[in-house]
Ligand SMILES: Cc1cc2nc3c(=O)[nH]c(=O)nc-3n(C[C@H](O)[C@H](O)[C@H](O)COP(=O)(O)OP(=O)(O)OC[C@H]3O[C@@H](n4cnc5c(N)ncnc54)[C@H](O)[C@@H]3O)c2cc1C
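Presented as structure tokens, the chain that follows is alone, the form predicted on its own.
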């Protein structure tokens, strides 16, 4: 069987589902496929317990495609980004610096939501769009391109004829590989634990990133859970240490994470199971090939620092949408895709390198290097112009 569409999106993660909603709302005929059906229940096996922070620039995009009305009731605003250096001899704060969104805007930096819930609401939105065909449980297996169109083979035997293939199918993207685009990968020997907690001290819409060694320990606000203040935690450590933590009995793990949090929110209690993820940086040599555009983790992967990952992906999506709407007759052609590569590649490379440096600084174990990190944080914070610029760069508005 052969089907046709304007845009085929390979990948039904957060980025792929958002792309399907955005292009569907803009009037394009979209087919979105993913080999793994989305898990949309918090406590189901395989649910993604990580969270995603949508930064300010994403707000308009989510409103435009009809997603924000669904997401807003579940979103926890991020008003303050707090950086804590706890690199002394004992795990306690020695430098605490707040970056307040009020210094640059009348809105929060962004809004945080659980990934499993995002999938649930995004899938529901796609069902409302008559020109979007979401096919969970079906993946892409082959790609053939020529000047006028692409032909994509699916795992169910269907063939799709399309003007543009958007590869949003992850760091091991099959469409990127089929298009022959190479990637550069950096491995840190780190893993990240992701889980939810409750705590007696309210987070007050403050996202807290605590640096000691091994990587940052980040608490990101969530709505209350069972009447208690709640946060999502990403705890980055060197691989063996992370695996040891994953396997600790619950009471010992809670004691360890409370100590690593410097007790800033009181005793932390697990409110979900623990999951573990490898940490890498990765960037594609090109963002496009004939009739193919790479976005999200197919194009770039960064450690989970500063909420940059998905928001870089939404920058990709905005660029693709602008180019598609500017020349609908040229959807997926060489001119559009070359313009997309030029618009995004340099910024992506800069951000990947910047986050790489931040991660390496957070990993340091030697006491003199930890002291230097604290001095650097103080120096940056003490210069108002620099502090404001860093916040704007973090939002992607500079």
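Treat the numbers as computed from the prediction; the structure is a model and nothing was measured. Numbering follows the first chain given and starts at 1.
We do not show the form predicted together with this ligand, though everything after this point is about it.
Engineer: 11, 174 and 192: each with a heavy atom within 4.5 Å of this ligand in the model of the complex?
Structural biologist: Yes.
Engineer: Give me the residue from 370, 50, 351, 344 that has a heavy atom within 4.5 Å of this ligand in the model of the complex.
Structural biologist: The residue in contact is 50.
Engineer: Of the residues 234, 178, 317, 210, which one places a heavy atom within 4.5 Å of this ligand in the model of the complex?
Structural biologist: That would be 234.
Engineer: Report the stretch among 65-73, 329-337, 33-41, 351-359 that approaches this ligand in the model of the complex to within 4.5 Å, counting heavy atoms only.
Structural biologist: Heavy-atom contact with the partner occurs in 33-41.
Engineer: Evaluate residue 310 for contact with this ligand in the model of the complex, applying a 4.5 angstroms cut-off between non-hydrogen atoms, and reply yes or no.
Structural biologist: Flag for residue 310 set to yes.
Engineer: Is the gap between residue 99 and this ligand in the model of the complex 4.5 Å or less for some heavy atom pair?
Structural biologist: Contact check for residue 99: no, nothing within 4.5 Å of this ligand in the model of the complex.
Engineer: Can any non-hydrogen atom of residue 296 be found within 4.5 angstroms of this ligand in the model of the complex?
Structural biologist: Answer yes; at least one heavy atom of residue 296 falls within 4.5 Å of this ligand in the model of the complex.
Engineer: Look up in the model of the complex whether residue 287 has a non-hydrogen atom within 4.5 angstroms of this ligand, and give yes or no.
Structural biologist: No, residue 287 stays farther than 4.5 Å from this ligand in the model of the complex.
Engineer: Suppose contact means any heavy atom within 4.5 Å; which members of 156-188 contact this ligand in the model of the complex?
Structural biologist: Contacts from 156-188: 168, 169, 170, 174.
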